[in-house]
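Quick setup: one chain, the form predicted alone, written in structure tokens, and binding and motion questions come after.
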């Protein structure tokens, strides 16, 4: 398990935001440069148009800070807060041109992370109806955005699985198939993994049937991943195992089946859907035209 700090690394946030702004060519926003004078001021709100978990406001703050040091974001509802449709999570004010050049990047990040955090919260709440199993994510993340998406999972109340291939031993079906082609069985694969891995790493084995689970337990695997098994079969395997063995359920688990799976006694339920299938939450950035101080020509509207 990857129990990293809840917060994001500020240096990583700066780099990801800088890359996103460069990708959007925000510094070369020809539309805004042609239509909005640089001295025009404005105010905007992050309006949540659906119920969900707020996530990503520090990223939005960094977006606007990189667009202009004079843009100030004020948070009303911090990351991790559940809000209802119609809530204003944050406000930003300052130079309107810089605000408009950065709004799409800021909104994309907040929508994406809020969507993941919201799905994580729903999974956690639903699993709790069946038992104390922890909801964890997988490595099915957007390349380059893993740290952000895993932060969103934690913000929603779920946990992280291994972060990289270096963080834990997970012997999957393809590893076992590769070994079988060389005449090596499951127990020997576990022995080889333990021989090569650091003593601090757990050995986890993915199994698809009860006999494989028994072999993995006898080989002293620390964690057994029960893949695509019906709840009744998982319940029987968990009940028959020594109490020190951890069990993870994965594969084909949905919100509708979560409580039943949690009730089998498994300790972990992993769901790739948390990151690869979470829809972006419906959020908009609403500019308050009345808060702008410059007129259409760039004047302040004051009498000379």
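Residue numbers count along the first chain shown, from 1. Since the model is a prediction, treat every value here as computed from it, not as a measurement.
Not on display, but discussed next: the form predicted in complex with another copy of the chain.
Only one of 186 to 194, 120 to 128, 230 to 238, 84 to 92 lies within 4.5 Å of another copy of the chain in the predicted complex by heavy atoms, and it is 186 to 194. For the chain shown alone, residue 250 is not a contact residue for another copy of the chain in the predicted complex, no non-hydrogen atom being within 4.5 angstroms. Within this chain, residue 215 is remote from the site of another copy of the chain in the predicted complex, having no heavy atom within 4.5 Å. At a distance threshold of 4.5 angstroms between non-hydrogen atoms, residue 101 is in contact with another copy of the chain in the predicted complex. Residue 255 falls outside the set of residues with a heavy atom inside 4.5 Å of another copy of the chain in the predicted complex. The partner is not shown here, but in the predicted complex the stretch 24 to 39 reaches within 4.5 angstroms of another copy of the chain through a heavy atom at 24, 25, 26, 27, 28, 29, 30, 31, 32, 33, 34, 35, 36, 37, 38.
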